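Taking the form predicted on its own, here's one chain by itself in structure tokens.
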């Protein structure tokens, strides 16, 4: 067993790590940026989407260790300049590991791929825009354009991007949310009429019970730990469901609490910790609900159910028709634990359910989240203070992008509003999501692929197929701050367009501009960069999109260049299309921003039945062959999405390595291996294609028996393009059927 992993997060380790990252590069610039991070009239963190406290409760250092890494990554002195690319062939850069590539620094000028020389060369902005327009104009159909969006894009940039795409004639907007919380959106829209969480930060202070499914807050959204810590101090019980014992779910020392750091006295986070098997959360929920309906039905909130819910009788009949012993068996927990969870839920009159990728990235992701909602509805835990649904988003504006129109399946009322505001007819044909985009590009080729941020190649599943698809494009365009793997999978023509970072000043013809973003709890707030751009060639994402649109469409339909002259004009148009943004430019000046209306939190249900819906599902069969394991991909602590800041994973005791696989010691022995062995990992999928990754070190770890974990994106080649939820198309990164062989 790995003995070095910690039993708490934060503390001196977080502080010293933060100082290390600040000192290793541009200390002065990083420090100044951090003091403005998440502050009123400051810069929004480009990392996670956890909301900021009330302005009166913010400290001078309102950031976490991962925020430090994100800022120092952006303010680095390292440059991926035209000279760098002139001295490095694409084929050689493509051989670098994800960490090595992440350290090459900021992009400085627009670049065009020279196929003959196999290098990127500088190109003028005008020529770059003309080349993009030329390719887009010659497409046989607008649907041959694929417009991908990363969650770091601002509301303003995302709105312009979807507007340009729809003027072009396509709804092809695959988005990073397709790969993370799409299962949440699909389930919640069906069940409660909104695809977002129903809680605010204040609800965590009032909750009596918080259930945390499939999350690792210490690494993915560390500031959430402060909210959980406060909830514990206020008497809330916290139930964590996770295959691994994660440090941040065990304990937490706030780096601002010097006394606790000095004496190493962490606050306990989880009052109860349930190590569940991968994919078994749905069976846990059904077993708990079965027990409640069978033995404690009188404790339900029948006033709420009768007034606000549809389908309870059918759902009750469905659950009670199941075999309780079978549900318990598939839950991977004991009958005693199931009863304990049920009793804890019944004791609470204010319960919040939080979840992340552990639930959404399953073949039954939508069904799992529907069971979370079913549980909450039983006691009326939606639409009241201290209770609700909390899907925790992982990127700073992934939720906002969707709100302003990045959606491959837009609703008719949104399209009608777009049509009215801009006097044109939007396409109605649904576009492609990430999974289908990869399939379409690989099959039909000669597409134009434009990526507004992100690292599509490394984030997507089925790496071999995804790489081949990108290389088959007629043109690929990447709007980015740093070089990444996607840039090295060049189509017939490829462009890299460098954009401003979140911390940098954005000046348009009317002066300095502010952006806006939406956090996990539907709060929209402004963000304004304070640093001088690292290069005079950088342009904002909004300006790049506007000039692509102008070069392609001209001013016959919409004057994009006028819209970017002052971002207030973009926000005025967002307000015109989406009434929930009423008084946008006025409200965005508020110190804490403003909360978008959430009908479900008011117990107004925008569903087909006009009520909150119970949904019935059968639990999946997750049984594997005797010598197989269920593998999940996950982040290391020194990582955000596909960006790797360092090769350590402090809370799990890993130093300077990434090609590893965490396995329970009993499984290691049963499979005939030893701790430290190097193995090749093979996945087994329904399409019968042999996929593997080589030379991974076995790490003995406190993980549920039968389960294993490996880092993302190194393990992504194991995931079949067909391995996804059938409703949301979210790839099943958290349950991959694998076997192991010793590396020769």
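The shown structure was predicted, so the numbers you read here are calculated from the model rather than taken from an experiment. Positions refer to the first chain, counted from 1.
Omitted here: the form predicted in complex with a small molecule. The next part is about that form.
Trainee: Taking 4.5 Å between heavy atoms as the contact cutoff, choose which of 658, 635, 547, 447 touches the small molecule in the model of the complex.
Mentor: Looking at 658, 635, 547, 447 one by one, just 635 meets the 4.5 Å heavy-atom criterion.
Trainee: Of the residues 431, 380, 214, 266, which one places a heavy atom within 4.5 Å of the small molecule in the model of the complex?
Mentor: Answer to the contact question: 214.
Trainee: If contact means a heavy atom within 4.5 Å, which one of 235-243, 190-198, 323-331, 253-261 is the stretch that engages the small molecule in the model of the complex?
Mentor: Single hit among the candidates: 235-243.
Trainee: Should residue 719 be counted as a contact of the small molecule in the model of the complex, where contact means heavy atoms within 4.5 Å?
Mentor: Yes.
Trainee: My question is simply whether residue 571 lines the interface with the small molecule in the model of the complex - judged by any non-hydrogen atom within 4.5 Å.
Mentor: Residue 571: no, not in contact with the small molecule in the model of the complex.
Trainee: Does any part of residue 516 reach within 4.5 Å of the small molecule in the model of the complex? Heavy atoms only, please.
Mentor: Outside the cut-off, so no.
Trainee: Would you check, heavy atoms only and a 4.5 Å threshold, whether residue 103 touches the small molecule in the model of the complex?
Mentor: Output for residue 103 is no: heavy atoms all beyond 4.5 Å of the small molecule.
Trainee: Does the small molecule come within 4.5 Å of a heavy atom in each of 150, 712 and 733 in the model of the complex?
Mentor: Checked in the model of the complex: all three residues contact the small molecule.
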